[in-house]
Ligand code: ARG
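Quick setup: one chain, the form predicted alone, written in structure tokens, and binding and motion questions come after.
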Amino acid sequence: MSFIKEQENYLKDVLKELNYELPNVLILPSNRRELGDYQLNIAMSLAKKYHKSPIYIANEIVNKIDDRFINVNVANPGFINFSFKEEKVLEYLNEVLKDFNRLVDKHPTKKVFLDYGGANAAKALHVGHMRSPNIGEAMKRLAKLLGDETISDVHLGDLGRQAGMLISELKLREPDLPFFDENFKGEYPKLTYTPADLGELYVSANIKANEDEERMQEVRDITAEIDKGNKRYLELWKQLVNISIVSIKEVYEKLNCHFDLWEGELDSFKDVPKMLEILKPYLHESNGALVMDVKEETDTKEMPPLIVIKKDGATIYATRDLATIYSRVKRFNPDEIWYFTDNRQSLYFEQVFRASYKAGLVPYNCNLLHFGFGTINGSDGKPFKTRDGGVMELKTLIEQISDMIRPKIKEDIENKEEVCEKLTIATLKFADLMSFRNTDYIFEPLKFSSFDGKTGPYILYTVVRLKSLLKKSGLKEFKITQVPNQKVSAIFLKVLELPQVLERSYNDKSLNYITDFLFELASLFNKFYNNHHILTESADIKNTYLGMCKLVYNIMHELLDVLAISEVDRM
């Protein structure tokens, strides 16, 4: 349990002794540091509840608390200002030096299933695909840090029109493949295409189909045949998906995003019949399609029915999502399922969730939650694109950032390309996670790749400085024995804020609180570093400074791991 949480629990006990009760006691950083480092606002809440003067209640509390609180004073209308006894804080910080988890307020364990990634098989990942894996991976790591059991799934978009597109193009180019022979009885050959080949095939097919309605109908027909279980097309498509996954995995590996499951829409096929059997009493026909009403009496805006089966009898994305939910609940029995997709899918997920609960696919004690996010925009405020207006591939953006960073790295560094790649990914991930999840943001490559300011490279530069300093010190054990000046005090106060930062980030499912904290901590340390010659100080001061450096490094190391950002040793 964190230091601040321990003191909040102590204050709850104090209130009980005074015959007062509140569900929560929050210790807040003071707005007026001249009056104390922290403040309590509880006297006002208690005054309303118990019909007493807030000043009277505040003074009652002040007279009851022990000597762990110093510089205690009461300000109108009932604010209690105070600082903590230095010995208590140092004792706690030295515990944190040995165990980072002393900074973490664990919550009761839940089993959380996370759905993020969502790449479409046989298509190149573009810039818009970056946010889901970045946010999802970081939230998975944060959830585990705070005590949750997690299961993650990439949930590939491995069914749909792209299947029809690719197969129609192959049928045109290589009609003699046994996949197109209805009478073929042998074992199907293994295809030797590369992910790049599939990209070229898809682009060509897409152009032709959009210009030729007859060709587009063929695409639809092939897609429908796969949905119906056509063995030849299904085998061909599964091979194409496996080829495509190679390049998808490469990009996710670069982003340091990892999944427990690599399942997709194809995996839901086996659960569709049982799911439809459960849904059958709730389905009705509308314009030839089977739909489910999900509107509720309390709705204040239109809630359209959810289409489950198209009028041609084919399944759609919603059918397969419902089957996937059914399968996940049956196999894993999660307490919550989190989905990370962009905000434009909010209505769709509301429909799917309502249908799942209404039909009993999911028990009401399992929370289905969609966490939407904003778009990545260019300097014009529109979705990020290439100079010619096309959708930029994620690989292309990674290469562009690498080209900006490479010249900034010192020439004598070993493994320069590896360092460049880590700095590139740090640039992308820190910039992507820096904005509140729900908002759009403008991606500025030059700004976000800078080694100064609120950027990933600046954070890694601070880590490099800390690691170098600790290595030069030669110390194996560290201890903080005093608070020698205001700059050190500011760092310690910032450290004490971390548990609340982690909790807020978890509750809002947004990593911007952690990126803000990292930047603020790095800035405080660098201001201190630029004004002190740490290794030439007297022994006591030097050891305390180094203990503080080790503390800062440990925290930055753990938080970068939560964000899935890799450190470097030199840059």
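In this text, residue numbers run from 1 along the sequence as written. All figures in this text were calculated on a predicted structure; none of them were measured in a lab.
If you look for the form predicted in complex with the ligand, you will not find it shown, but the lines that follow are about it.
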property	result
Contact of His155 with the ligand in the predicted bound form (heavy atom, 4.5 Å)	yes
Contact label in the predicted bound form: Glu137 to the ligand, heavy atom within 4.5 Å	no
Heavy atom of Asn120 within 4.5 Å of the ligand in the predicted bound form	yes
Partner contact for Gln345 in the predicted bound form: the ligand, 4.5 angstroms, heavy atom	yes
Heavy atom within 4.5 Å of the ligand in the predicted bound form - the one residue of Phe184, Tyr441, Phe349, Trp262 that qualifies	Phe349
The ligand: the contacting residue among Tyr339, Tyr202, Phe82, Tyr92 in the predicted bound form [heavy atom, 4.5 Å]	Tyr339
Option from 317 to 325, 167 to 175, 253 to 261, 470 to 478 whose residues, in the predicted bound form, bring a heavy atom within 4.5 Å of the ligand	317 to 325
